[in-house]
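Quick setup: one chain, the form predicted alone, written in structure tokens, and binding and motion questions come after.
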């Protein structure tokens, strides 16, 4: 596993500067500044309504920021010349509610992106999909349909589908919050392995154990701001801001 010191000295691949997002008169993000380095697992925590999911959706332009900038490898993603589909290919996203195609088999759910977007051959896409499904412990479920799977299995298919696009960064938006408690562990285990393998990840979660053990950087958001950030173990042991202390006292 890459150690945290190496990661902290790594290349900054995403830089967020003064990011704001309004929905009408509602100001959800009020000026976010953050650097995300190659191979880092950045864990974002905070109360409901603090702007965590909106921040994630701005990173892959599912939401267009109102103000500020996002740099990817030093280039603004908000410029007029950006090919948005090409940019989005670099960002995988794993949603709370899986977003699988119910009418497609597990194998077809994983191959549809590479075949439609990257124009990969059926053979190549299926070969990689089979390897990825095996990697997430679902090699025997290729011919099943989503309705035949548990929530944890569906989320693991969603992760395999994301990996099939070979993204540089994966965004996880509360990927375990819709799961029964006994299924949470199997999904977190896959995410933990991805972090160990050096995948750059931004993870919005309420799983404090995962944040402490797997995160390289912890970001606590509240009211549209980053209130506190730093080493997860240090923040959880000794939060500096009263708002962080109040939140963690309820969560830990």
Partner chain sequence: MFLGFNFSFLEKYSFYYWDGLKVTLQLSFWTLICGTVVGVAMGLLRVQNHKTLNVIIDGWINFIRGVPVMVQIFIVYYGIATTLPAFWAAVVSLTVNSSVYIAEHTRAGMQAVNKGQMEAARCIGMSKFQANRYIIIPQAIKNVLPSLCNEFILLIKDTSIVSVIAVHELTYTSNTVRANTFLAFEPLIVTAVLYFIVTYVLKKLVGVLERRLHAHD
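Positions refer to the first chain, counted from 1. Keep in mind that what you see is a predicted model, and the values were worked out from it rather than measured.
One more form of this protein exists, namely the form predicted in complex with its partner chain; it is left out here, but the text below deals with it.
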* **Close approach of residue 117 to its partner chain in the model of the complex, 4.5 Å, heavy atom** => yes
* **Contact flag, residue 137 vs its partner chain in the model of the complex, heavy atom cut 4.5 Å** => no
* Asked: Looking in the model of the complex, any heavy atom of residue 123 within 4.5 Å of its partner chain?
  -> no
* Considering only heavy atoms, tell me if residue 71 and its partner chain come within 4.5 Å of each other in the model of the complex. => no
* Heavy atoms within 4.5 Å of its partner chain in the model of the complex: which stretch among 178 to 186, 91 to 99, 71 to 79, 126 to 134? -> 91 to 99
* Decide if the three candidate residues 152, 204 and 247 all line its partner chain in the model of the complex, where lining means a heavy atom within 4.5 Å. => no
* To do: Have a look at 190, 62, 34, 28 for me and say which one sits with a heavy atom within 4.5 Å of its partner chain in the model of the complex.
  => 62
* Asked: So which residues in 153 to 182, when you check its partner chain in the model of the complex, have a heavy atom no farther than 4.5 Å from it?
  -> 161, 165
